[in-house]
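One chain is shown next in structure tokens, namely the form predicted on its own.
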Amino acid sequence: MSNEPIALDEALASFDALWSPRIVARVNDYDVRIAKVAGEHLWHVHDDTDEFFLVLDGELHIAMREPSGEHAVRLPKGAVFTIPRGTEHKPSAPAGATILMFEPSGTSTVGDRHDMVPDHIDATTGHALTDR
């Protein structure tokens, strides 16, 4: 990690891959990740951790399956939202978006349980910002 400030617009300009988060900072045992997203991710669950989203640009949609039924939230630029642990969810961004996520280091982008991972989804625990 850098000992210098990181400009998020420059960090986002350094890669093009969709659904492939870059780690821009660490806070204790947590990663601060940024990602470019477009289209659909996949249904997945993080059994042991909440997942925090901040929309930097565009609009993110998150569908959720809960005992009360399926519903979705729309997050415009500047909105934050936390998915509680154990909640099955599916992020999407029909028109594209850039997001910041805050989650424990080592957390997989497709959770602990998930649908089949399509080729366009990068199932990782985040890449270093310098990885292209």
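Residues carry their position along the shown sequence, with the first being 1. Model, not experiment: these values are computed from the prediction.
FYI, the form predicted in complex with another copy of the chain isn't displayed, but the following is about it.
Task: residue 95, heavy atom within 4.5 angstroms of another copy of the chain in the model of the complex - done: Looking in the model of the complex, residue contacts with another copy of the chain do not include residue 95, since no heavy atom lies within 4.5 Å.
Open item on the list: My question is simply whether residue 32 lines the interface with another copy of the chain in the model of the complex - judged by any non-hydrogen atom within 4.5 Å.
Closed with: Contact check for residue 32: yes, within 4.5 Å of another copy of the chain in the model of the complex.
- [ ] Report yes if any heavy atom of residue 128 sits within 4.5 Å of a heavy atom of another copy of the chain in the model of the complex; otherwise report no.
- [x] No.
Task: Distance check, residue 17 to another copy of the chain in the model of the complex, heavy atom within 4.5 Å - done: So residue 17 does not count as contacting another copy of the chain.
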